[in-house]
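One chain follows as C-alpha cells, the form predicted on its own.
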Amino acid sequence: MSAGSANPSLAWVGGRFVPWQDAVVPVEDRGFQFGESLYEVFPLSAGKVRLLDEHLARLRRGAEVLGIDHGIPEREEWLAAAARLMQADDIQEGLLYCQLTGGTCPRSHHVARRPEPFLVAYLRPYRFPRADIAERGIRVITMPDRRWAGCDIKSTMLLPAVLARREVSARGADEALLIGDDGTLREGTSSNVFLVFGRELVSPTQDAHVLPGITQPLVGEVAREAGYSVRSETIEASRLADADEILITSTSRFVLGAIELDAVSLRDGRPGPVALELAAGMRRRFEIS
C-alpha cells in the first residue's frame, strides 16, 4: 500500500502535458496564496479510472461554491488525460491527483474580474490494500476537531489535518477520529467512519463538518449486497466504545477495521469479520486480487 518513489514523467497543467520538472504553479496563484483551491484523488486499478463521475460531481459541487466550476474539464478529457498519463509511466494501478485553483492575478483578497481557474493533475503508482493489509487493521485515536466549518468542501486547506496526523504518528496510531465540540463523531483526518452494531452499519450524518465520501457510499452498497443494513445518524463519541467494530473508509484504504482505540486493544488486536468481508468486496469491485 504505497506510492512509487520516482517522479512521474508528465503532468497535466492548464490543459497541456508538460514534463514533470516543468510543472509549476505561479507565485500569485490564488490556491497558493489564499487556499482558494480544491483537490480530488481518482483511483485507478486494472488500467481503469474508477468512480470518475462521482469524484467529478464532488469537485463540481465545491467549485461552484468557489465560483471556479467553469475550469473543470469534461469527462472525456479526463479519460484521455488519464490514458496519456498511464501510458507515459506504464501505470495500471495508481492514484490520479488533481488540484483546481482560482487562477493567477495580482494579489488581492477580492478581485472584481476573476482570472481563469488553473488545473494541475498527475498520476502516481499506488498499490491498494490487499488481504494482508486488511487483516492487519488500523490503530485509531480520538481528538478534537479543529478544522474550519466548511469541511463538506474538499479544499486544500489541510493544515489542521496535517497537524492532527503529526499527533497521530507521535501517539503510535494510524488515524484520528475527529470529535466535535458537541461530543459527536465526525470523520477521520482523511477518511469516513462506520460503526458496526450487529448486522447494521451506522455513519455520522452528513453536514458541513463531514466531507461527502466517495468510497463510503460504495462500501455501503457492498454492505447492503452482503445483507447488512446501512444508515446515517448523529453519533455520540461515547458510542465508539459500544460498537462491535469501527471501520474507516477512503479512496486509498478501501475499508480497514480498527484494532485499537485510544491505546486500548479491540477484538484482541484483530479486525472484525465485517471489516474483512467488506474489504474483500471492495477488492472485487476494483478487480484487485
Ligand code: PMP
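Sequential numbering from 1, following the sequence displayed. This one's a predicted model, so the numbers in the text were calculated from it and none came from an experiment.
Heads up, the form predicted together with this ligand isn't pictured, but that's what we're talking about next.
- Among the residues A173, I214, L185, A82, the one placing a heavy atom within 4.5 Å of this ligand in the model of the complex is I214.
- Each of Y39, S191 and T251 comes within 4.5 Å of this ligand in the model of the complex, counting any heavy atom.
- With the partner omitted here, the stretch from 233 to 241, 52 to 60, 66 to 74, 258 to 266 that lies within 4.5 Å of this ligand by heavy atoms in the model of the complex is 52 to 60.
- This ligand is not shown here, but in the model of the complex it comes within 4.5 Å of a heavy atom of K154.
- In the model of the complex, at least one heavy atom of R147 sits within 4.5 Å of a heavy atom of this ligand.
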